[in-house]
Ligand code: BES
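One chain comes next, on its own, written out as C-alpha cells in the form predicted on its own.
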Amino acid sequence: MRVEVKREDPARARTDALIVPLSKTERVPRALQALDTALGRRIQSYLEAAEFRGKAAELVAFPAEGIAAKTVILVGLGTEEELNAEALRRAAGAGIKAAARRRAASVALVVPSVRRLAPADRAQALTEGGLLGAYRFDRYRELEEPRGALDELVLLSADAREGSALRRGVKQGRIAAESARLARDLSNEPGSVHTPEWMADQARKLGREVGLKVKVLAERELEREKMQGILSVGRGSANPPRLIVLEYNAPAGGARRRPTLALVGKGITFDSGGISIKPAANMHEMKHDMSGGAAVFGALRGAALLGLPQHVIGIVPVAQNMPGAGAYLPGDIVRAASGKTIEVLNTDAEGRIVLADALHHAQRFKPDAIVDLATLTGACVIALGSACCAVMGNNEPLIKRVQAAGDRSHERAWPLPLWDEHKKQIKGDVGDIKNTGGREAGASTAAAFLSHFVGATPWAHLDIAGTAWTTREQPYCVKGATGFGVRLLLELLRDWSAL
C-alpha cells in the first residue's frame, strides 16, 4: 500500500473515504470548521444524531456531499488525557476498517493536532494503525463479497512546517507495520504449511529481499553442534527441525564498534504437546506457537530497511512437536548443546528445550545483550491476560529498556520475578534441571530454566503467550496472529545505547 503525506484541504481530497479523528468534544473543532462549511454544516448534526461522544475508536460514517471525497468517517480519539500515540493507532485502525467495509481503495486521513506528540510520532502512529488495521489473511477464503483492496493512504496536514517530520514518521511507521504484517502472515499459515523447512525458505527469501545473511542448520549440522534439545523435540515429526540464523550488519560508518544484539524466537511450528498431548479444545491455535520466531523475522526485516546502527543476530529454532513413533518421551534425559542435561517431565514443555540450544548458540556472537520471545507458558496468560507480555531476566537496566520500548509501541511488558527459589524449583533429580517446575510460578520457573543457557550475557525473556494472537477483533488487529513483539524490538533497537 502506498502511504504519503500531502498538504491539502480535506474538502478537496479526492478519495474514497476521508477519515477525520475527533477528540471527546461536543463541538466541531476550529481546525475542521472549513470542512464542516463545505459539508453544509452537517458534521455536528451527524454527531448529535449518532450520540457521538468521541470515545476511543467510536465511529460515525456518512456519504459526503459538497466535497471531493465519497464518504466521511468520523472516529473518536477519547479524552484529552487519553490522547497519545496509541489513541492515534486505534483511531486509524478503526477508521481504515470502516473504509474497507465500504470497499474504499483510497483513504485520506486528517492528521490531528496533539500537543504532547511530535509530528513524526503522530505520523508513525497513524501509519502503523492504518496499515495494521488494513491487514487481512484471506489467502484461503473464497469470499462471497470480495473486500476492496486498499492501495493508498494519504495523511493530510495543513501545516507546511510539519511536512518533512511527517514523512519521516510515515517511513518509520510503514516499515514497522509491514514487518509486523510479515510476522502475522507467517504465524497465520497452517501448521501443515509453515513446516521447519518452509520457515527456512522464508528466511532465505527475506534475506534476498532486504540484504540479510542467512544460515540454516539442518539435521546433520544440528548433530554436529550437539543440539540435542532441538533434535529431541523435532524427532516425532515427519518434518525435521532446523535452526535459522539471520544476520544484519549496520551500514559502514558511524561508531567504531557497533553493538551486537541477539534476538531469539521460539519457532515451534505446531505444538501438539507430543506424548504429553494437549486437549483437543483450541489445539488449532498451536499453529501460532512459532510467533516468537515470526517476530524475530519481522524485527530483522525492519532493522535492515531502517538501516539501524547495530549488528543484529536473529536466531530461530524451528521444530514440530508431534507424538510420532520417534518422539521424545517423559522421563528422557536430553543433553543440550551447552552440556547441561535436561530431565523431561512433560513433553509439552518443549519450547524451553529448543530455546536452550538457541540461547547457547547466541553466545557465540558475543552479544551485548540477548532478548528472547516465546509463547512459553499458560501460566503467563493466567497472570497477565492479553494486555501485555511478561518480562524477566538477569539485567535490570535491560528489563527497564524493554518496558520503555513496550510502552512506546504499546506492546507492553510487565516484570515478573526471577528468584533463586524459582531456580531451585527446577533442580533435577536425575538430570541437571527439569523442564517443568510444576504449576506454581510457571512463568518464572520457565524463565529460570532459560537462565541456565545465557551465561553472564545481559538477557531479557519475553513470555508472549497471551499477546501473540487474539480471538476477538481489535481496532488494528483482526482475529489471529497479532505480530506482537516486532514493533517493541524495533523501538528497543532504534533507541539502543550501551548498558
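Quantities reported herein were computed from a predicted structural model and do not represent experimental measurements. In case it trips you up, residue 1 is the first one in the sequence shown, and so on.
This protein has a second form, the form predicted in complex with this ligand, left out of what is shown; the following refers to that one.
*Asks:* Which of Ser187, Thr127, Thr375, Ser179 has a heavy atom within 4.5 Å of this ligand in the predicted complex?
*Replies:* Here the answer is residue option Thr375.
*Asks:* Which of these residues, Leu416, Ala379, Ala100, Met283, gets a heavy atom within 4.5 Å of this ligand in the predicted complex?
*Replies:* None of the other options qualify; the answer is Ala379.
*Asks:* Based on heavy atom distances of at most 4.5 Å to this ligand in the predicted complex, which listed stretch, 406 to 414, 360 to 368, 342 to 350, 257 to 265, is the contact stretch?
*Replies:* Result of the contact check: 342 to 350.
*Asks:* Contact between His288 and this ligand in the predicted complex at 4.5 Å, heavy atoms?
*Replies:* Answer yes; at least one heavy atom of His288 falls within 4.5 Å of this ligand in the predicted complex.
*Asks:* Arg141 near this ligand in the predicted complex, any heavy atom under 4.5 Å?
*Replies:* No, Arg141 sits far enough from this ligand in the predicted complex that none of its heavy atoms falls within 4.5 Å.
*Asks:* Give a yes or no for Ala460: in the predicted complex, does one of its heavy atoms lie within 4.5 Å of a heavy atom belonging to this ligand?
*Replies:* Output for Ala460 is no: heavy atoms all beyond 4.5 Å of this ligand.
*Asks:* Tell me, yes or no, whether Thr436 is in contact with this ligand in the predicted complex, where a contact means a heavy atom of each within 4.5 Å.
*Replies:* Contact check for Thr436: yes, within 4.5 Å of this ligand in the predicted complex.
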